[in-house]
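Taking the form predicted alone, here's one chain by itself in structure tokens.
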């Protein structure tokens, strides 16, 4: 039976670019002298590729991994709308085993690359907060939809531009987002008003914060309410990222520098 590598030449022959996700040296070498632009997308440039996009997280979801690589290549002006891109990735353990061909268009550029690469907080912290928000969006609280607001990074400035609505259950603790037990607590506290504040490294600094940034000039999509407005505005006044779960439509949105950068439907994640 013919293997994947037996068909690669035909699969990439007319492509505008090839994205190799964490290739071995020998796998990379077979593409290096070809006519097609080759982009390595990996945690480290172990194969000394001339064109490299750093992958800050493993992105177990292959769709997210490919989306991230394409956006990174777009941001570096390596590919553009209309290009045919062949993505070679690993779905199962044991090396490259999948080829996915994508036509690049504006819908591919979702904001996920900018969110993870250019945020002040560590990429793993952004991921962990997203996972909490997405799980809340999928399951709700006791079967009912809930809303939640997480402000991640630049915690000192965020605290200075907010005030407490109630006692802070995390005031003297050193717990981090991503801890499964802590995440159960976050889901319980999400029923109450106010924002969660999370540090660059993932320490939960506070819950129940009323954000007080100036909202002048902040432009958010129509239909979004006060939670989204304050979440967007705080990212304009600080170097933070806001991740907001909407109680009304169930979507998870991320804001940076006062602008919407990513929107995800938890039910499709």
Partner chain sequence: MSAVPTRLSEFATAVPDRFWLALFVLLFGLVAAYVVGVINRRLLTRAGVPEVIEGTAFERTAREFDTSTVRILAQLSSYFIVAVALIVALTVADVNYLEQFWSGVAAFLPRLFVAAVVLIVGIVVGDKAEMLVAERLRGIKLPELGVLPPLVKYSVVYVATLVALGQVGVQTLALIVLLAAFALAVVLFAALATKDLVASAAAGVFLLLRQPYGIGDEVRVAGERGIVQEVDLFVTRIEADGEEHVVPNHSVFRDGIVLIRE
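Residue numbers count along the first chain shown, from 1. Predicted model only: the values in this text are computed from it and were never measured.
Below, we turn to the form predicted together with its partner chain, even though it does not appear here.
S.K.: Report the residue, out of 74, 159, 102, 134, that has at least one non-hydrogen atom within 4.5 angstroms of its partner chain in the predicted complex.
M.R.: Partner contact (heavy atom, 4.5 Å) among the options: 159.
S.K.: Considering non-hydrogen atoms and a 4.5 Å limit, which listed residue (124, 199, 183, 96) is close to its partner chain in the predicted complex?
M.R.: The option sitting close enough to the partner is 199.
S.K.: Report the stretch among 227-235, 214-222, 65-73, 199-207 that approaches its partner chain in the predicted complex to within 4.5 Å, counting heavy atoms only.
M.R.: Looking at the partner contacts, the answer comes out as 199-207.
S.K.: So in the predicted complex, is its partner chain close enough to residue 29 to count as touching (4.5 Å, heavy atoms)?
M.R.: It does not: once its partner chain is placed as it appears in the predicted complex, residue 29 has no heavy atom within 4.5 Å of it.
S.K.: If we define contact as a non-hydrogen atom of the residue within 4.5 angstroms of the partner, is residue 174 a contact of its partner chain in the predicted complex?
M.R.: Contact with its partner chain, yes.
S.K.: With the partner left out of view, is residue 120 within 4.5 angstroms of its partner chain in the predicted complex by any non-hydrogen atom?
M.R.: Although its partner chain is absent here, residue 120 would touch it in the predicted complex, with heavy atoms inside 4.5 Å.
S.K.: So in the predicted complex, does residue 50 come within 4.5 Å of its partner chain, heavy atom to heavy atom?
M.R.: Residue 50: no contact with its partner chain in the predicted complex.
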